[in-house]
Every structure is written in C-alpha cells, then in structure tokens.
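Shown next as structure tokens: one chain only, the form predicted alone.
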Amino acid sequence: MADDTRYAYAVARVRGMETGLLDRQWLERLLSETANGALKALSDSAYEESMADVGRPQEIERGLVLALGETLETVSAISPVPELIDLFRLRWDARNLKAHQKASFLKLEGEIGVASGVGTIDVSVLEKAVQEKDYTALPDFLAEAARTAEEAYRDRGELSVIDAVIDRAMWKHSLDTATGHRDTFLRGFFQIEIDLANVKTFARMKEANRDRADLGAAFVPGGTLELSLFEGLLGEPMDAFARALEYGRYGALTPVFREWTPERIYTLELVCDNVLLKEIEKAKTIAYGIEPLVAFIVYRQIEIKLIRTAVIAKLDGADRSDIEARLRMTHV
C-alpha cells in the first residue's frame, strides 16, 4: 500500500533507526577481530544496550535475541497498524509454542530453545498453556493449531507434525491478516518467504530420500510455487529442479541446485536470505507505507544472522575466508 500517509511518522522514525544498521566498514572490523573482540565491537554499535549483560562471546545469542525483540517491539509501537508488524512477532510465538510442546511430549526439562522477549506472548504463558493443555490465553488461530498439533502427534508419534501444523497455521494467519488489510505488499512478501521455506523443505526431503507423502505433510500452502512442482521433481536429479527455477523469480537459487551436494544446504540458506534482501530493496523507493518498516525488520534480522554466523565461526576456529563465505549480502 504505497504512499499511505498514515505511516509518515513511523517511516521518519525508521529512517533514523536505519543509521544504526551496520555498514561495510563495521563488517570489516568484525571480520578482523577475535570472538572476544567482536563482542567488544558490538558495544560501540546500536547493539550496545542489548549486549550490556553479555560477558562472553559464547553467550552472544542472548544479546542478539534481546536486540531483535527490541527492534520488533519498537517498530510495532510506532506503526499505525501494529497488528501487521506483530505478524513478525507471532512467528516467534509459534516457534516457542513448538518448543514447549516438543519438550512436554519428550518430558524434557531445563533449556529447550525458547526465545524470550521476541514474540507477543510471554514464554511463561505458553509454558503454562502447554502444561495444563489449556490454550484459551492464546490467539484463536494459535490455540486451535496447538490442539491440532497435539492430536496429530498422538496419532503419528512424530515431532515433525508439530512443526507442520503450527507453521501452516501461522502462515495462513499471516496471509489472511495481510489480505484483510488489503496490504498487497505484505501478502506478496509472505508468499516469497513461504516459497523459500518450501524450497528448503524440498532440498531436505530429497537429501533424506523422503517420499511425496512426507513432502506434502511438510509443505506450507499459500506461496506462488505449487506443491505439484515439488512433487514432480522429487524423484528427479537436482539439476532438473535448477532448470525449473532458472527463469523465474527464484533464478538466483539455480547455481546452488545445479552444483548440489549435501554441504550446499548452508549455501542455500545464505542465497535464500539474499533473495529476500534483493526483494526488499524495492521498499526503499516508497515514501510512505509499511514497506520501509518491513525492510528495516528484514535488514535487522539478517544483520543479526550475520553477527551470529561470524562470532560462532570465530569460536569454531574458522579463518577469515571461510567466515566471509558464510555471510549474507550486506544492505549497504
């Protein structure tokens, strides 16, 4: 919804926040530092507050999650239509719900991989809902998905059904909400995210020699790439999938599949992020609307991935050339 003047204030705020995004000069500094040095460098950036209580690079995830939560909460607060921005927070609610349900079924205790302060629902509320099997405190779509996921797990005994059920519900809600607000940009952006998620699912299914039924169970409807495309190529060489993508919107993925090896899964993640970055570049031309807000969120998300990747690689002892190969495109 281009040139929506309701967003004038929010866009002005976001333009100011964009100055805190890390540039190429900062990236060079990050690459030249040790893991401890990288953590110290973050104290001289927009991440200063979120990293204040992070004492070791091994604990950097805590600070990165806090930074992302602050970004999402701030952008939601300044948006004239916060429920649209909150769609980016709801996916963290979905992720935390999945973690709690899996932990409950496996009877796990302690750290289970939840991210606090990023979603719209406190993790303690989600934990209580799962423990008591009472989902009335959750949004209707998420409560229904939680109940359906429980039933599906009891029927099949596979944790993957929890991911499939809740992911489908989350994406359907996102598409329906964007459609209800007549926001064609946001709906189109979500469709791209769904397509890329399905492409990655397809690659994993092929590597694991799974069949069409498994692919169909994991497939997320609502994108522009139909399930039939993936089903028809599941038994074919990866090069056939590369040819199917070559002249469409996702042509940038072609080289990855043309030279496919199991190790290329990581490269696929990187190229998919670059596809999102290239798509979001169009938002820079919009003076007023939700586009600049979404662009800032995407930039921040991928920037956080970049920092995480670099610091973890340094902790693993990787040299600079290996680290550079793992990084996404920068936004400047």
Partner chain sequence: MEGLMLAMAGAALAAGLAGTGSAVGTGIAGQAATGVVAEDPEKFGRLLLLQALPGTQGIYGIVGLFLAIGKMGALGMGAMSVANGWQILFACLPLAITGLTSGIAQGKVSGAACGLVAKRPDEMGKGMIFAIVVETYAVLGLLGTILLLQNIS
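Positions refer to the first chain, counted from 1. Everything numeric in this text was worked out from a predicted model, so none of it was measured.
If you look for the form predicted together with its partner chain, you will not find it shown, but the lines that follow are about it.
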Its partner chain in the predicted complex reached by all of 57, 314 and 318, non-hydrogen atom within 4.5 Å: no
is_contact(residue 8, its partner chain) in the predicted complex, heavy atom dist at most 4.5 Å: yes
Its partner chain contact in the predicted complex: residue 24, any heavy atom under 4.5 Å: no
Contact label in the predicted complex: residue 17 to its partner chain, heavy atom within 4.5 Å: yes
In the predicted complex, residue 52 touching its partner chain (heavy atom, 4.5 Å): no
Segment that reaches its partner chain in the predicted complex - one of 57-65, 285-293, 272-280, 26-34, heavy atoms within 4.5 Å: 285-293
